[in-house]
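The chain below stands alone and is given as structure tokens, in the form predicted alone.
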Amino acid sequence: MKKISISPPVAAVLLAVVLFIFSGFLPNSFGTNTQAAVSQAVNIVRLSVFLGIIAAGQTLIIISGGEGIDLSAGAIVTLSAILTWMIVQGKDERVLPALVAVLLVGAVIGLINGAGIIFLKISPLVMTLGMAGVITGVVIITNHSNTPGRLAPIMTRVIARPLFLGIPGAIIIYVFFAALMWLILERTTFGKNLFAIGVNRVTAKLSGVNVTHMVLGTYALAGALAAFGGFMVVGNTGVVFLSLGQPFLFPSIAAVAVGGTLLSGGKGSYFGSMAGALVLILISSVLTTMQMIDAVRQMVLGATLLIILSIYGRQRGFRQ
């Protein structure tokens, strides 16, 4: 009898559907109200957009192998949100320059991370954790917890509010963003080389892949993606504070793992990371609906992730 197997990304989507249906039976939920259910579903997807965008950079870094995980992503999100807030100053015409500026800053930070890892042989965990501390320190010193600025009206209209047929602009942007990520990973030389260095960097180098350039480019792109995530987050929330990006750090890594990307590198997809982000948002939503205190929510979320990862056989992939 042939064994039926389900890929982790598809399993994550199925789990998200089950969680959503389960949430409908909880008190204070949408119940059997179809309109409320659709509204809730749209809101869940909208919330997953920001985590999914930030998880994009983590997806690239983890696929690249070398025990890579970006612990500076949360700090980059905070920094880019603050920079956006300060540059825009409530003026629509400054939004595009602000976006370009934060993408460049994020890319430079990522490039420094990659340079430390490649040339100084610093562990990715140590390098990105140290960079996170540097960024946080710079933000605190330069702002003193007081950030002058104001969000441009066009950002709220495009990101936070319904833009087309009642669909929030953030979701529409996410669709184009996901398509671009798919093209990068599946239809470009960069994507093919990324999977190659994730499987085996020595073999990839012998095959003609410039591993140094690939690692530098991957970390730079991941930094820019985290910065874009910060730009989107501040456009949705309309406020900035020093710990804005921190809640996205652990979930962005977990979303990649739940979506089926091997932590050892060389195998994964952005579709999986999107599904993983949706699962995490749904779990958080269910726990909130059940009115669990924050400490219990963290415990249940952590335990759930361990169960999911053990089912995927992530331990075998990590030991390889």
Partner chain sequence: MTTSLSAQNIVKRYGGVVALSDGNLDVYSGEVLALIGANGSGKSTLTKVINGVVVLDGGQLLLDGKPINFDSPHAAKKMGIATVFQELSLVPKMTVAENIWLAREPLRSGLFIDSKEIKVRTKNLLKLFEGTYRISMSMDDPISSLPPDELQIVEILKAVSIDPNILILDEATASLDNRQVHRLFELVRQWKAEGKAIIFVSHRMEEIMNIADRYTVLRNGKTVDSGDMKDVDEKALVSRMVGKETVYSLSREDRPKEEEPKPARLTVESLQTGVIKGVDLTVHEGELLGLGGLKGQGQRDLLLALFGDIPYEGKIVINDKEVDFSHPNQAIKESIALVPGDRSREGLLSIRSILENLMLPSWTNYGFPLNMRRSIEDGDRVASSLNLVMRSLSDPVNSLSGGNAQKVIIGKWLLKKPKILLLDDPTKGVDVGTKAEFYRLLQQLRSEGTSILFHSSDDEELLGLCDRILVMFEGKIRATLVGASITKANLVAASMGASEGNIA
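Numbering follows the first chain given and starts at 1. For clarity, every value in this text was computed on a predicted model and none was experimentally measured.
Just so it is clear, the following notes concern the form predicted in complex with its partner chain, a form of the same protein that is not shown.
Exercise for the section: Find the only residue in T142, S123, N200, T237 having a heavy atom within 4.5 Å of its partner chain in the predicted complex. Expected result: If I apply the 4.5 Å criterion carefully, the residue I get is N200.
Practice task
State the residue from A196, I172, I118, V158 whose non-hydrogen atoms include one within 4.5 Å of its partner chain in the predicted complex.
Solution key: That would be A196.
Problem - 4.5 Å heavy atom contact, K267 and its partner chain in the predicted complex - result: Yes - in the predicted complex, heavy atoms of K267 and its partner chain come within 4.5 Å of each other.
Problem - Heavy atom of R150 within 4.5 Å of its partner chain in the predicted complex - result: So R150 does not count as contacting its partner chain.
Handout entry: Contact test in the predicted complex: G208 vs its partner chain, heavy atoms, 4.5 Å
Key = Yes, contact at 4.5 Å.
Practice task
Would you please decide whether E186 lies within 4.5 angstroms of its partner chain in the predicted complex, comparing each non-hydrogen atom pair?
Solution key: Judged by the heavy-atom cut-off of 4.5 Å, E186 is in contact with its partner chain in the predicted complex.
Exercise for the section: Identify whether its partner chain in the predicted complex is within 4.5 Å of every residue in the set R46, A56 and A179, based on non-hydrogen atoms. Expected result: Zero of three within 4.5 Å in the predicted complex.
Practice task
Using a 4.5 Å heavy atom cut-off, indicate which stretch of 186-194, 127-135, 67-75, 222-230 touches its partner chain in the predicted complex.
Solution key: Going by heavy atoms within 4.5 Å, the stretch is 186-194.
Problem - Sequence-ordered residues of 228-245 touching its partner chain in the predicted complex, heavy atom within 4.5 Å - result: The stretch 228-245, when checked against its partner chain in the predicted complex, contributes no residue at the 4.5 Å heavy-atom cut-off.
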